[in-house]
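So this first bit is one chain, no partners, the form predicted on its own, shown in structure tokens.
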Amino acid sequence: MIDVIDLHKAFGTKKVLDGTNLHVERGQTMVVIGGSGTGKSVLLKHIIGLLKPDSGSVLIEGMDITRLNEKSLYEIRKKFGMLFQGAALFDSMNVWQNVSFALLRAGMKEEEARYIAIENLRRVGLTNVEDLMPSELSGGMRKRVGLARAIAHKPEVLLYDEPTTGIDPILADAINDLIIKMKVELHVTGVAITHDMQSAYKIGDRIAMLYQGRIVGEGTPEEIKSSTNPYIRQFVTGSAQGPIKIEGVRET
């Protein structure tokens, strides 16, 4: 479904992606782990075509989206839904308008769009919230509304940007369950970026670690748990001592 091939991206003199390769099978959920500032969000933006690489390719079902014009890229993006880190709801719109935002922009009548919004809210475990404003929602509810919006147009691929950040462990586990539920019910391919290893182990069919612009290791959750790769080992155990240099921490 998705092939990232030798992707390079720099901002000024800072190399963010430096020969990144990633392969995601249809129906699979791939989790990309890595520390803050390692380029996980930049990689996600390349997959959906929001950023153009300096070199390399991103293939969606065999089509290189890095070479498409804006009109063709817009059509490809219809295959995607995205759950943003902070849900990214529009404060001036109520819940159902947020969920059906893309449908309304495409010209769907309000009555139909509202019905679809309510159905997708129910799918993520929310009822009787469609007329509330985002400011009236808890953090966990905002995440669920964001997920309802991501699935409203029946995407083939769901992208998750730090889906469990900013919510407590119980709510985070509920979001993980929803991600698994969406995969099973909607048969979607998923790509999630996170530094939450509990979430990564639960939702991922495969896990890849991004470090210094490259994927330094990949495997099933069990393979990642038992990996002897020093970069992966340090990250998954949360150790400050190891090959990954942590700012402000001195090695002894």
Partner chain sequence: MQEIGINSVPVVLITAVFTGMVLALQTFTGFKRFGAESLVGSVVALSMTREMGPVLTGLIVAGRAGAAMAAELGTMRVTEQIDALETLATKPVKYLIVPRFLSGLFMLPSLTILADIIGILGGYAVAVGLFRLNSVLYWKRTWDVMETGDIYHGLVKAAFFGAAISLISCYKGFYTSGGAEGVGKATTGAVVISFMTILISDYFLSAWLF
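Small disclaimer: the values here were computed from a predicted structure and weren't measured. Numbering follows the first chain given and starts at 1.
From this point on, the text means the form predicted in complex with the partner chain, which you will not see here.
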Does any heavy atom of T165 come within 4.5 Å of a heavy atom of the partner chain in the model of the complex?
no
ask   = Looking at the partner-bound form in the model of the complex, is Y115 within 4.5 Å of the partner chain by any heavy atom?
value = no
Hey, in the model of the complex, is R105 touching the partner chain, heavy atoms inside 4.5 Å?
yes
Subject >> 4.5 Å heavy atom contact, E185 and the partner chain in the model of the complex >> reply: no
TL;DR on 107-115, 146-154, 172-180, 124-132: the one with heavy atoms within 4.5 Å of the partner chain in the model of the complex is 146-154
Original post:
Would E70, M82 and L89 all count as contacting the partner chain in the model of the complex, using a 4.5 Å heavy atom cut-off?
Top reply: yes
Those residues of 60-81 with a non-hydrogen atom no more than 4.5 Å from the partner chain in the model of the complex are E70, Y74, R77, K78, F80
